[in-house]
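The chain below stands alone, shown as structure tokens; this is the form predicted alone.
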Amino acid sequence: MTTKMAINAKDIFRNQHRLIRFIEQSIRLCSNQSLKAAQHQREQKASADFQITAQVDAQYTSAPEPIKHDQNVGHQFRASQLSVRLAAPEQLQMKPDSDEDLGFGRLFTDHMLKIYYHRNLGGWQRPEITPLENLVMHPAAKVLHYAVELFEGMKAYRGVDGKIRIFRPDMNMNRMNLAAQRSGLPTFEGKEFVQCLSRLLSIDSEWVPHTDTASLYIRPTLIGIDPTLGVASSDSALLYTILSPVGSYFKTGSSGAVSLLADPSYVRAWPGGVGNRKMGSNYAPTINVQKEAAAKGLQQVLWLYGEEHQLTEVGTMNIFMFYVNDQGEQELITPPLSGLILPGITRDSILRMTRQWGKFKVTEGNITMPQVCELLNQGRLLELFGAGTACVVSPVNRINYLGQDLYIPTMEQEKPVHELIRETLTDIQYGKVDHPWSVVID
């Protein structure tokens, strides 16, 4: 092979993701027209009461408050500083044969995003995209000893028009920075980070599944890497992101619903703690309880708190209950942001969306297990479901509480609210309807 031919081959390889993306979009051009036509027919048949449009009232779409950085954080990184080092042929990951049975978090894409922070070098360093590779750190790194770390969960969706979208990324960035402040880790500019993520998604765009039953999971992570022992703020940190094509998060029963263990002897979070922050230290202690649930043939854990056995979260999800209240009204309720639960992006979206519908009462308030039992006995409990990025919406059909099985009629409703919510959210995420929450990746 001549030198010129080798250079040309190298150029082709470096731009393969653009070529593949162009071919895929061209192939799908005709099929997308039929998809859009089918979607239009489906929307015409749907109830006009819940028609979704791009026009959203301002009171339902408020953006999070900008993060105020500490003066000693130093300079911020900029997306314009981003450098890219593409994977060589031998570094490319094996792609799945099918998008239909991906599981969750088992496969990873070809590249990752890394941004180092060093206070003694002035702050955040230049962001870089590299081939997926192992991290190298000192054995005294704070993340390994004191769990000085946090993460986020986001997804990229391939729409019916072939475009790739992410969902309300500003919310994830705000939540991540709040967790960084609580962890003694440096904060960063969310908009700049989203631009870096967009470039990473563009490079690995061929990994975004070509189906509306799967997506590309985005895992931004921030860890303290100081090579020193001692509980203190981190002077060195690493902000990185890996990508993983994923299918369903939960293994559900044949009905598509999950069953839960509600054991008040276990507590996930408490007042003044960090149950409202997405830190790994919140999740490790739950693993053994999850094993106990699995041993009883149950899929997830319903976390309770206090003498009244308040419902807080279900597995890694926020919990919602749809019922008939004392005034005979249908009401959707979810626990308040009291510090015990994670301020979920899906949770916030459901509250804003259903309040805009105006078809039933929507509230934030405490839910207790005695209340659940009473509503169930009176026939007023209609649906119970979890909500989160990984699962979107997950219906609940059984709770094992104090040795007794409570059967929830979530799947018995003629027109379940949880299904309407899931369909509406996924229609936004996969670009079936235009909506300001859905951000297109260029």
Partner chain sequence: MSVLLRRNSSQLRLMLSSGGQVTRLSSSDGASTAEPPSAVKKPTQAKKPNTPPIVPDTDIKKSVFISQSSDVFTNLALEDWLYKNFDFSHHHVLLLWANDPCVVIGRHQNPFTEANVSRLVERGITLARRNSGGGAVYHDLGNLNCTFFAPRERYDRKYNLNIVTRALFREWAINAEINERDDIVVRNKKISGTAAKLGHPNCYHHCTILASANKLHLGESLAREPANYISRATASVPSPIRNLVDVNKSVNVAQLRSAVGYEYLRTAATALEDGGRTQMMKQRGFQLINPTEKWFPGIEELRANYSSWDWVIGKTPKFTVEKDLDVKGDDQGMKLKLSVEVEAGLMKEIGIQLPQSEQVVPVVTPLQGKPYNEENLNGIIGALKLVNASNVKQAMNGSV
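Residue numbers count along the first chain shown, from 1. These numbers come from a predicted model, not from an experiment.
Heads up, the form predicted together with its partner chain isn't pictured, but that's what we're talking about next.
Trainee: Partner absent here, but in the predicted bound form, which of 187-195, 153-161, 358-366, 132-140 has residues with a heavy atom within 4.5 Å of its partner chain?
Mentor: In the other structure, the partner sits against 153-161.
Trainee: What is the one choice in Arg106, His210, Arg182, Lys296 with a heavy atom within 4.5 Å of its partner chain in the predicted bound form?
Mentor: Spelling it out, the residue with a heavy atom inside the cut-off is His210.
Trainee: Pick from Gln76, Thr228, Gln330, Ser98: which residue has any heavy atom within 4.5 angstroms of its partner chain in the predicted bound form?
Mentor: Comparing distances to its partner chain in the predicted bound form, the residue within 4.5 Å is Ser98.
Trainee: Are any of the heavy atoms in Asn325 no more than 4.5 Å from a heavy atom of its partner chain in the predicted bound form?
Mentor: Contact check for Asn325: no, nothing within 4.5 Å of its partner chain in the predicted bound form.
Trainee: I'd like to check something about Pro89: if you look in the predicted bound form, is any of its heavy atoms closer than or equal to 4.5 Å to a heavy atom of its partner chain?
Mentor: Flag for Pro89 set to yes.
Trainee: Does Asp170 reach its partner chain in the predicted bound form, with heavy atoms at most 4.5 Å apart?
Mentor: Heavy-atom contact with its partner chain at 4.5 Å: absent for Asp170.
Trainee: Closest heavy atom of Glu206 to its partner chain in the predicted bound form, within 4.5 Å or not?
Mentor: Judged by the heavy-atom cut-off of 4.5 Å, Glu206 is in contact with its partner chain in the predicted bound form.
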